[in-house]
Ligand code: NG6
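Heads up, the chain below is alone and in the form predicted alone; it's given as C-alpha cells.
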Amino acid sequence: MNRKKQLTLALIGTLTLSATAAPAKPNIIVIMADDLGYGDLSCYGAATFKTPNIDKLAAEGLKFTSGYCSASTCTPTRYSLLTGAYAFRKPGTGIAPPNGHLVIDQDTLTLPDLMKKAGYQTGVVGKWHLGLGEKGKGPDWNGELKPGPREIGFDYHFLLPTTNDRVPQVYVTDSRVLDLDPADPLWVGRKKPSPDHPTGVSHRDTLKMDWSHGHNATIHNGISRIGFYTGGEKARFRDEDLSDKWVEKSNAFIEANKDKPFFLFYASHDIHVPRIPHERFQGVTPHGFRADSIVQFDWTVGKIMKTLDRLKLTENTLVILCSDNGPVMDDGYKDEALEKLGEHKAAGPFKGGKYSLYEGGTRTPFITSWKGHIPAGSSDKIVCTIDLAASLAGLTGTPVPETACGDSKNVLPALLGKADAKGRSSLIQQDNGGRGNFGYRSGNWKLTKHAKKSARNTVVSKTLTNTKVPEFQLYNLAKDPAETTNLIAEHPEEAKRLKQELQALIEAGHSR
C-alpha cells in the first residue's frame, strides 16, 4: 500500500480510538532520555544528586512505577515509538550504523502522521538514530538526506543523525547537513580512508577521553568514535554544546508554534556515551560525567518547562518523559562511571540494564504531566512508549486503521490518571535486533526467553561481561521485582501459558 493511500485510510479507518473529555488539541511534548535508568532520578530514588526539574514534573503529574520502553537498546525503541509496532517484527531495526538507511518504510503510518492528521505541527529535535536515505544507498551526506524525518511525518527536524559515539558529528536540518562547505565534502565509511588517518588506536595519547572497547576509529574533539569520516570541518559540532543546542531548537519550535497545536519529540542524547556534559555541569555530582549528564538533562527539561510557563502554554500541554532503554556503566569509554558509581543504583531495584531482557533493561522513568488535567500521584499501571501512537490518537480523536500501529495500545486513561484506568495486561520486551531473545510480562508474571545460541545477560554493574543463563526463566514480579529466583520448575503451567501467549503474539504479526 502506498503512503498516500494509507494516510487517507487514517481519516476513514475502520477502527476509531475514542477521545476523552478533554481539550481537543493540547500541545504534546515527548521527552526521551537516552540510557536513563529507573533509579537515575531523585524522584525515583537517587539519593546522591538531585534532579529538581524532573522531580517537579513528577510531583505535579503522574509517576509510573511500571513504565516501559519496548526494547533495551535505542534504535528499536525509537522505531516502536514512532510506528506503534514491535521492532522485532521488521528485520534491520537493530542499532543503526553510521551509514544506515531509514529503517521506517515511507508507507508506514507513524505517530507524527497521526498528529498531522489531527492538525498539529510536528517536530523532532535531538538524536535520530533511525537511519537516513534509501535502502541500498544510505545517506547522501553532501546532498539531500532523503528519505528522512520529513518523509515519515515530521514538519521540522534538527538532528544528530546517528548517535554521538558513531560518526559523523554534524547536525542535520532541512534534510541536509547544517553549515556544510561544498569545498570540504563529508565522507563517511566503514574502512580507514588512508594509512595515516588518525584513530583512537594510532593516536591514543591525544585523546581527552580514552576508549575501553570498540570506540577507537576516527577522532573528533579528542574522542574516538565508531566508524570513519573525513571533511565537513565547518559543520562539526563540539560535544559539550549538544544539550544547549537541543534546548535552543526545542524552544524555538515551541515559540514558532505557540498559536497552534504542536507535537514535539525531544530526543535528548543525555546520558549516552560519550558522556561529555558542558563544562558548567562537569563535576556537579560525585559520580563523574555520567551523573553530571543526568543533571544536565534535568536542566534541559527545566528550560523547556520555563518556556511553556512564559508562553502560558503549561495548562494546554501534555508532557511525557521517558527513556529509550535502561542504564549502562562502561559502554565503550573510560569515563569513570563504574569507578565512581558508589552506592548509586542506576536501575533502581531491578536487575540488568541496557542490552538486557531483565526489568532494568526496559523499565525506566515514565512521567506524564498536564497541569489541571492529570492528578498528581503515582501509578502502577503498565504503560509503554510503544503505546503513544494509539493513545495520542485517542486523545485527539484521530482514527487509526486496523492495519496500522499494530502493537500500540490505547492506554490514554492510564496516562491521564483516570480512576478506572487499566493500562496494559501484557508486554513483549526485546533486546536489540530480534535474535530470538524476548521478555514477556503478563500481569505480575515475567518470562524471559534467551535463544540457545545467544543465551546471555548483560549486567549493568559490570562492563559488558556476559553470563550464561537458561533459555527460559520465570519470575513473579510482585514478590521478586529484582528477578532473583527462577520459578520455572515450581510453576510449569504458568510457564507453559506464557510461552504459548508469547509465541502466539509473535506469530500473529500484531497485538492490537
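If you're wondering where the values come from, they're calculated on a predicted model, not measured in any experiment. Residues carry their position along the shown sequence, with the first being 1.
Omitted here: the form predicted in complex with the ligand. The next part is about that form.
Annotated contact segment (heavy atom within 4.5 Å of the ligand in the predicted complex): 164-172, selected among 376-384, 192-200, 164-172, 251-259. Contact with the ligand in the predicted complex, defined as a heavy atom within 4.5 Å, holds for exactly one of Trp211, Phe366, Tyr355, Tyr229, namely Tyr355.
Shown without its partner, this chain lists Ala421, Ile95, Ile219, Leu311 as candidates; in the predicted complex, only Ile95 has a non-hydrogen atom within 4.5 angstroms of the ligand. Every residue in the set Cys74, His215 and Val273 has a non-hydrogen atom no more than 4.5 Å from the ligand in the predicted complex.
Although the partner is absent here, Glu359 lies well away from the ligand in the predicted complex, with no heavy atom inside 4.5 Å. For the chain shown alone, Lys409 is not a contact residue for the ligand in the predicted complex, no non-hydrogen atom being within 4.5 angstroms. Contact check for Asp34: a heavy atom falls within 4.5 Å of the ligand in the predicted complex. Contact check for Asp324: a heavy atom falls within 4.5 Å of the ligand in the predicted complex. Residues of 125-139 placing a heavy atom within 4.5 Å of the ligand in the predicted complex, in sequence order: Lys127, His129.
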